[in-house]
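Only one chain is included here, represented as structure tokens and corresponding to the form predicted alone.
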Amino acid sequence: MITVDEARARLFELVSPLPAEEVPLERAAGRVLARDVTARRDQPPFAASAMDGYAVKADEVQLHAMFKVIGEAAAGHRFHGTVGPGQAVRIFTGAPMPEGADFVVIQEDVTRKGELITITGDPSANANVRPQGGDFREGSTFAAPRVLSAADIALLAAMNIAAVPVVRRPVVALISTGDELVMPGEEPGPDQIIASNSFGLKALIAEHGAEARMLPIARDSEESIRMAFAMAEGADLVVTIGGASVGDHDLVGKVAGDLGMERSFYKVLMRPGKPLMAGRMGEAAMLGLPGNPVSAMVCGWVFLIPMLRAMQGLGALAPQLRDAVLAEDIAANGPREHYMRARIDRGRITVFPNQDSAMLGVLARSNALVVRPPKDPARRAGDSVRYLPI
């Protein structure tokens, strides 16, 4: 068996960043920017008013000063003319500043009678003008790689970027295996259970920018598993769930080997998730996850997500762990790295007493995995521990 860190390093060797494609800006949210892009204009593209008020010359602004209003400027409609001494232009937020004006007296500081205004409130030292290019300049760089957020999309739109270079989404084929499985909504037999792993992993995959293809359940026969692998053709990553242990009905490894899989490793010093397998099958990487529901999901957080991030050009990095204070005592750990379901609240973390790898209810109540090193001694309430947010 190998360590978690070594397993993850070998998994990174199986994948590489995918090529870029261009998508319309409205479809780029959540995608990974593939290369740097540059702004195609200044923002603002002109000096603009930051407030509703009156545009005047800054050196004439003082209490009780009077000005003649000679026109109006609104967003999308500039004043065509020049502001001279003693003159003002009624202006609204976002409107281009008129030529000759460099200060906006806010309307609350002005009294108007007909076409004359008087500054009746102490004017601020702030000119209330947004300078041209104050946000960004034409040619400013928006750096890759990054997962594009809603704010990023708004910025790209302001930069006049209509088509965005993004990394192609990884395509992940999900294959659940086992005679005991039926799909949600079907009527299970007396010895059957509902397939849950593939649905949880599909959600996890989609959440991290990839496309999941959920294939029909492969039954416990070489023919069925071979057919499932055939249906996975074209995927960047094939993820099998179950059938990778050492029982008589665990046939995934054998069939994958018969089909030419180059095995990278089998079994990891972790709990849950020990019967993990990985390799390459032609152009695709393969990850064989354990069949226990919690084991499969934990391996998703610990291994699958980092692989997907690496495939999207976000780097071959381990998940970032955080620190928290134990709310209750926990016993000493065994010889394997342990990922313990836990709940963190206001900086204090409570480890659930039942860590059985089949207990999805406990996982659903968890928002963290406390990471215990091998042979970690007993810990007391108040001790600091490391955890992985989930």
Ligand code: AMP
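Residue positions are given as counts along the sequence shown, with the first one as 1. Computed from a predicted model, the values in this text were never measured in an experiment.
Below, we refer to the form predicted in complex with the named molecule, which is not included among the displayed structures.
The putative spot formed by A230, E233 and M261 is not touched by the named molecule in the predicted complex; no residue has a non-hydrogen atom within 4.5 angstroms of it.
Of the candidate stretches 155-163, 292-300, 79-87, 103-111, only 292-300 has residues with heavy atoms within 4.5 Å of the named molecule in the predicted complex. Out of the listed residues I194, A206, A75, L317, I194 is the one that sits within 4.5 Å of the named molecule in the predicted complex by at least one heavy atom.
Note on contacts: among L287, L181, L308, I225, the single residue with a heavy atom within 4.5 Å of the named molecule in the predicted complex is L181. Contact annotation: G273 falls outside 4.5 Å of the named molecule in the predicted complex, judged by heavy atom distances. Looking at Q312, you'd find every heavy atom of it more than 4.5 angstroms from the named molecule in the predicted complex. At a distance threshold of 4.5 angstroms between non-hydrogen atoms, I241 is in contact with the named molecule in the predicted complex. Contacts of stretch 142-177 with the named molecule in the predicted complex, defined by any heavy atom lying within 4.5 Å, are made by S176, T177, listed in sequence order.
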